[in-house]
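Okay, so here's just one chain, in structure tokens, the form predicted alone.
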Amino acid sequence: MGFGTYVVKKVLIYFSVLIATLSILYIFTFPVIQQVLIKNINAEVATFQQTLVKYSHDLSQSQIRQAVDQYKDSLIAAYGLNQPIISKYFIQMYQLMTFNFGRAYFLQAPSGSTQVSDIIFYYLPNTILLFTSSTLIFIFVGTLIGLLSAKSRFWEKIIGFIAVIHSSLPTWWLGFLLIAGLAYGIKAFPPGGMNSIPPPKDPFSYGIDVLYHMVLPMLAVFIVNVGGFAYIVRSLVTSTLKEDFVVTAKARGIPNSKILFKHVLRTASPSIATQSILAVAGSFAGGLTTEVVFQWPGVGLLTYEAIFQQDIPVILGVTFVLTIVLLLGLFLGELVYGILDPRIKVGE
């Protein structure tokens, strides 16, 4: 089986998983979705009626009422509310898979749009910028620490201790600590937000300003995760060090550093890649508490505000979008995994 066949097979599997997952979400949220659609239709009909009354002075009241009724019927048909439940399922699943979540009740994007998809796709890149960047950094540093700790029993114990301590720290608690010490204590970094107020107008200065505001939340995510990831890498590398080819390489007098980075790391890379892919895929969803503590305008903070204001269309939209993004991340991970380990794509 070639790599092309492997990719086609994975596409079919993940598309089936996507349909099944979204169907389960749809079934569990069916009553809420119907309620949201009816409210959205009523809102759009009210807006349409106001527009007609304001600008169509040559229409009589009965003509306006007839036009409004026709418009409402067209919306009901478009959302499948007048269809049998099977037809309704296909119509509304198509709407969800094309990111048509309707309008938010209260929240809106900075552009003023109340479309749920516009709101989510404004906040999602901010989440990916913060959490995926942080994840890539702790993966890189954690891999280096894990490799080095596998060479020494002393560092092995130190890394194990650090992993337990760091992994047990809640990110929100560490965030409060960093804000108190580094933001309000020595005033080295801003306590939250994504930009200074007002934001710099020069693009370069704007980018530097964003990086400056990213330091504390990135540090919190890094500290909580780097120890655990290093411990996983150390465990994978330690098991590889017991393989026969490593003993043979040592007997041939090959330096330990060359064995570690050239042979052991290559052998352990598919397993390390799996852990990395899971971490990166999970980073797309962000972290609600971290974004709330640092007031980072990402999907987590959006979800918190949507829950607080009971903006159900936004909550539903975030749930569906994050499901799709997570599955997309796992699919890309499968492709990387297939490239790193040829045994996977031939089914061995």
Partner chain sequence: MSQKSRGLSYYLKEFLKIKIGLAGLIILAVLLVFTGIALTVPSNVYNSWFNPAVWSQNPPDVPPSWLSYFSGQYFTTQQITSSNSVSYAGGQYYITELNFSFEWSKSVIPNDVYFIISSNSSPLSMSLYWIKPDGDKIQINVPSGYYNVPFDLIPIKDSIINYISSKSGTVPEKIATYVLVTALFDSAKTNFTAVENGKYNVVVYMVSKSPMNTSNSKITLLGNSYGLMGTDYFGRPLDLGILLGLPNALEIGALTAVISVLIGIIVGGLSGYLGGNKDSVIQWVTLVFLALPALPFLVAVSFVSRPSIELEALLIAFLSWPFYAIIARSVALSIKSNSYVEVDKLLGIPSYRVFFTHFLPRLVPITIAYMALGVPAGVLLEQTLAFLGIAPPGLITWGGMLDDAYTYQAQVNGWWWWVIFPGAMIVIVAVPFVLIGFAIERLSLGER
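Quick caveat, the model's predicted, so the values are computed rather than measured. Numbering follows the first chain given and starts at 1. Superpose the two forms; the largest set of C-alphas matching within 1.5 Å is the rigid core.
As for the form predicted together with its partner chain, it is not shown, yet the points below apply to it.
Contact with its partner chain in the predicted complex holds for all three of Ser16, Val292 and Leu330, each having a heavy atom within 4.5 Å. In the predicted complex, Asn40 stays away from its partner chain, with no heavy atom inside 4.5 Å. Residue contact with its partner chain in the predicted complex: Ile307 places a heavy atom within 4.5 Å of it. In the predicted complex, at least one heavy atom of Ala180 sits within 4.5 Å of a heavy atom of its partner chain. In the predicted complex, its partner chain sits within 4.5 Å of a heavy atom of Thr319.
Annotated contact segment (heavy atom within 4.5 Å of its partner chain in the predicted complex): 308 to 316, selected among 308 to 316, 66 to 74, 40 to 48, 53 to 61.
A single residue from the set Ser134, Thr127, Ser149, Thr143 has any heavy atom within 4.5 angstroms of its partner chain in the predicted complex; that residue is Ser149.
Contact with its partner chain in the predicted complex, judged by any heavy atom within 4.5 Å, is made by just one of Ser111, Ser87, Asn82, Ser168: Ser168. Although its partner chain is not shown here, in the predicted complex the stretch 151 to 177 places heavy atoms of Arg153, Glu156, Gly160, Ala163, Val164, Ser167, Ser168, Leu169, Pro170, Trp172, Trp173, Phe176, Leu177 within 4.5 Å of it, in sequence order. For Asn195, a C-alpha deviation below 2 angstroms is recorded between the shown form and the other one after rigid-core alignment.
In this overlay on the rigid core, His166 has a C-alpha that sits 2 Å or more away from its partner position between the shown form and the other one. Superposition on the rigid core between the shown form and the other one places the CA atom of Gln95 less than 2 Å from its counterpart.
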